[in-house]
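One chain follows as structure tokens, the form predicted alone.
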Amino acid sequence: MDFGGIKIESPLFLAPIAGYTDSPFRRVARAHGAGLVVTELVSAVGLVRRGKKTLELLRFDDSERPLGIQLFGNDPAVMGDAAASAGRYGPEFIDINLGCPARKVCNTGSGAALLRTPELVYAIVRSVRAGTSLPVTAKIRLGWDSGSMNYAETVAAVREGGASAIFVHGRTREQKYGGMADWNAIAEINAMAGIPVAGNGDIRSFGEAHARMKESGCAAVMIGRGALGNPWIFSGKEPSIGEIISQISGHCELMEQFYGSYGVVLMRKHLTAYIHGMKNASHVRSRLVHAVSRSEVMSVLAELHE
């Protein structure tokens, strides 16, 4: 996938997931071969107002590049100003969130709620494009619900607004993360878009990622939940238990460096994903989610070898 002159080494990208794809995990994904990463969704209003929590989401390390900053909002002027502010942090591109299904986001008219008004999508993309010299992308869904699958209009609005690429989650907002992603619709979008498309949804393995690219014709795919606890999905490697435990240790260390001692607490959700399906996992899970230090985590994990 080539857009905006960004050098991308792999067509397997890490999809942004609020609460998970922070800087430490993005570094882990890049180390395992993810072609690019995107920040958690960043409030355009919060960025323009310089909110402390919002600015924290913009922290990243050079090892994460190529990286996009993802913005959400419903006011074209504010989105344009936010894009200008985000560009000063030095990302490779700006991504517009048009797909978040969370109620608190949609209730403000942002995220997937924008899929109901393609004309506003066009205005937002155009404003963001005017606010930055960086390439602009958009993450979309197929529509608001099964009765309003207006992705053709959304894609046209994104393209005509000046976006360089589209990332498509093959579900409606109504589906959230239930049911199955519609890769036939993603293939249709790829055929009509006129700009590069990355498909997203239900990719659980390296082999499946490449199969989806071949079936849909997409130049790339985005992997979200399938990468949690399994960054090896980007390389196709089958890790040993020892390699998994070593990766957990390294991830914990990054969390401590980034967040301080509270990093291990924030790591707990990743720990359960890493050990899912492993022998003795149920035996140690309850203790892992109460661990407060990396040494405690590693002590508990040692039992997985037993």
Ligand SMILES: Cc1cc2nc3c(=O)[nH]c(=O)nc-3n(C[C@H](O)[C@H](O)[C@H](O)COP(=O)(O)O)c2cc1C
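This is a predicted model, so every value here is computed, not measured. From 1 onward, residues are counted along the sequence shown.
If you look for the form predicted in complex with this ligand, you will not find it shown, but the lines that follow are about it.
Colleague: Would you kindly say which of Thr172, Ser216, Asn97, Ser127 lies with a heavy atom within 4.5 Å of this ligand in the predicted complex?
Modeller: Contact with this ligand in the predicted complex is made by Asn97 alone.
Colleague: Let me know the one among Asp81, Asp202, Glu153, Asp75 whose heavy atoms come within 4.5 Å of this ligand in the predicted complex, would you?
Modeller: Contact residue from the list: Asp202.
Colleague: Establish, in the predicted complex, whether Leu36, Ala209 and Ser235 all lie within 4.5 Å of this ligand, using non-hydrogen atoms for the distance.
Modeller: The answer is no; none of Leu36, Ala209 and Ser235 reaches this ligand.
Colleague: Please identify, from 119-127, 82-90, 153-161, 194-202, the stretch that has a heavy atom within 4.5 Å of this ligand in the predicted complex.
Modeller: In the other structure, the partner sits against 194-202.
Colleague: At the 4.5 Å heavy atom threshold, is Pro24 in contact with this ligand in the predicted complex?
Modeller: Contact check for Pro24: no, nothing within 4.5 Å of this ligand in the predicted complex.
Colleague: I'd like to know whether Pro135 contacts this ligand in the predicted complex, with contact meaning heavy atoms within 4.5 angstroms.
Modeller: No, Pro135 sits far enough from this ligand in the predicted complex that none of its heavy atoms falls within 4.5 Å.
Colleague: Does any heavy atom of Val284 come within 4.5 Å of a heavy atom of this ligand in the predicted complex?
Modeller: The answer is no: Val284 has no heavy atom within 4.5 Å of this ligand.
Colleague: Can you check whether Leu271 is within 4.5 Å of this ligand in the predicted complex, heavy atom basis?
Modeller: Looking in the predicted complex, residue contacts with this ligand do not include Leu271, since no heavy atom lies within 4.5 Å.
Colleague: Can you tell me which bits of 11-48 touch this ligand in the predicted complex, meaning any heavy atom within 4.5 Å?
Modeller: Contacts from 11-48: Ala15, Pro16, Ile17, Ala18, Glu40, Leu41.
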